[in-house]
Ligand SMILES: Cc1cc2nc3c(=O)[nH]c(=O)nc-3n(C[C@H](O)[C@H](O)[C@H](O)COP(=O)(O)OP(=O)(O)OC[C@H]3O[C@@H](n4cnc5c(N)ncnc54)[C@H](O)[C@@H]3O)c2cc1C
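Single chain ahead, by itself, as structure tokens, in the form predicted on its own.
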């Protein structure tokens, strides 16, 4: 009620997603400033509730209808919850789950929806959000002045650590766990899940790397990947790439950083021959340190770089390999 912030918790294969912790951490900040509570909705995996101690209340359901993700079932469950809880703000992600739920929820619950959100903050009694538009080429500042709102947030915009109980200094079981009464909510569902088909796993998980070497169109040819791979191996880091290299089949899709690939937040992101198109920046701009190498001094990558150089990338990689191997 009042200034409560409600978060839809996402999970897969028995694990809460990083974006869930990002949203819970941001919800904690907003709720504390507004004098409200943090409510987390956890559908289908009640055993994970103890990890959401940063929330004040974890609302769970063990109903078979939400044992695996079902867009229609999730929609009905979330409408049921918000109608009873009446939070000031609902936070979802821009994942498939988050976008399914947020758009459907905005139809059935009288609340405006702000999508592709990169920042949410309190502005007195109102909320101010920043949204990406036109693939990140523009940023829109939006004021949410009504009594309720929904925000679909781009993953990677907030620190996941703020939502983790052990990091935030709260007990893993600090939040009160309540089972939702959803009797009749799922009657007459028109959709059922017949089978879940998992995508093929990549050879490495670039989202888990603290140090990431990423290469772009400036590499010139596929044969030159060996030079950058040598540097990545010397540093003990995975090799990632921007979309043009993936589209040409030089590296597998699991190595792509960007809007149509993966969002990464390493401690160090080494960008070699990457110009910095908005779609790529969307996937890496929240790295703690960005080191960019591009011969074009006006390349957009330098707008987000912590350190940058315009030397030839092959000269740089050769020198770095020598230094690392000394």
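Rigid core here is just the name for the largest C-alpha set that superposes within 1.5 Å across the two forms. What you see is a predicted model, and the numbers here were worked out from it, not measured in a lab. Positions refer to the first chain, counted from 1.
Just so you know, the form predicted together with the named molecule exists too; it's not on screen, but the next bit is about it.
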Contact flag, residue 217 vs the named molecule in the model of the complex, heavy atom cut 4.5 Å: yes
Any non-hydrogen atom of residue 313 within 4.5 angstroms of the named molecule in the model of the complex: yes
In the model of the complex, residue 88 touching the named molecule (heavy atom, 4.5 Å): no
Contact of residue 244 with the named molecule in the model of the complex (heavy atom, 4.5 Å): yes
Candidate stretches 22 to 30, 278 to 286, 60 to 68, 36 to 44, one within 4.5 Å of the named molecule in the model of the complex by heavy atom: 278 to 286
One residue of 256, 207, 165, 102 in contact with the named molecule, assessed in the model of the complex (non-hydrogen atom, 4.5 angstroms): 256
Large Cα shift (2 Å or above) at residue 33 between the shown form and the other one, core-fitted: no
Post core alignment: residue 255 C-alpha displaced by 2 Å or more between the shown form and the other one: yes
Displaced residue check between the shown form and the other one: residue 313, CA, 2 Å or over, core reference: yes
Cα-Cα shift for residue 96 and residue 279, closer or farther in the model of the complex, minimum 3 Å: closer
Direction of the Cα shift between residue 151 and residue 279 in the model of the complex, where the change is 3 Å or more: closer
